[in-house]
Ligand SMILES: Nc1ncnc2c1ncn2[C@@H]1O[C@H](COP(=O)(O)OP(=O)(O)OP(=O)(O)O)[C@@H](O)[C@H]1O
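First, one chain by itself: the form predicted alone, in structure tokens.
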């Protein structure tokens, strides 16, 4: 199975379009998304001039004489690392070598079969270094009850909406996790079942343990039962996260307010760490302590991002964002006011804030924060060479 690829195909003949429709329904791509478009290479250039590119672009083009030159124009509007597969009408080894030397992943002469296309997609990611890997976002509350789980759940939902790709939310609060309630799910199996026998854990078992919330978000829920005394081991978590990394674009880890080897490991390895605090002295102290511990251990990774929650719940006694900035040298990336109404409505209905209060300021702030964490925020593209663009991710 080819996991979680986003693919756009631009065809110019009915025969190739039909082959791609068969690929679309193939079980190997059941976890991926393949969109078909008309217009060939010129259609792709026009589309990506104003839209983000997927992981893979399949181009069918007729004009071999100008193909390389026009692919340069495609590179100018493609994001770095985009894989390009070209389907053409000329069976020419010279053209093939030229395209490969320019960074094209593969060239297939027509007519193409669904099997050839699937093999080319698998080959484009056969190198483990080039295989798509998820971005890990670890959410941690400076104090219990700071709202970190609610933030993590809403971020996971917003990330799926922004990326239009698969996102996995993992609830690691075994005893008191709220994912089943917050998402209104019936989870037959949970994260405890996934980790019960790590040596047996594979894609099939992972898939079975997760529950779909919507088109993009899947949830690996917690049993939420304090009678469950399952201990989490780093080895088992590593195995589970390695599998999750192949099944989603982003994995959001909801980590309980517990200090142990495994929580320290997750906070150290995550691509992004989000620390949620409420504006009081206890949260300030614990956030400062966490920053001092994590700072030296996250070499080469972004510093944790601070979120202040429930601001203005107690105006006369609360600390300010400036107090946090002066003490822990971090500017809060998001400040959420005390809004019991919309958050309570979302919790009671088993939905996310963006579903019940789409235009609310807190909902908009969460959506913007998700864009920031995704690593795929819109950016101004600067012209660089074709080779640099298509090989910049290895």
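Treat the numbers as computed from the prediction; the structure is a model and nothing was measured. Residue numbers count along the first chain shown, from 1.
Below, we turn to the form predicted in complex with the named molecule, even though it does not appear here.
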| message | If contact means a heavy atom within 4.5 Å, which one of 333-341, 41-49, 27-35, 56-64 is the stretch that engages the named molecule in the predicted bound form? | response | 333-341
| One residue of 302, 145, 295, 123 in contact with the named molecule, assessed in the predicted bound form (non-hydrogen atom, 4.5 angstroms) | 145
| request: Could you work out which of 190, 249, 82, 149 is the residue within 4.5 angstroms of the named molecule in the predicted bound form, going by heavy atoms? | output: 149
| said: Considering non-hydrogen atoms and a 4.5 Å limit, does the named molecule approach residue 286 in the predicted bound form? | reply: no
| task | Answer for residue 310 alone: is it within 4.5 Å of the named molecule in the predicted bound form, judged on heavy atom distances? | result | yes
| Quick one: is residue 173 in contact with the named molecule in the predicted bound form, heavy atoms, 4.5 Å cut-off? | yes
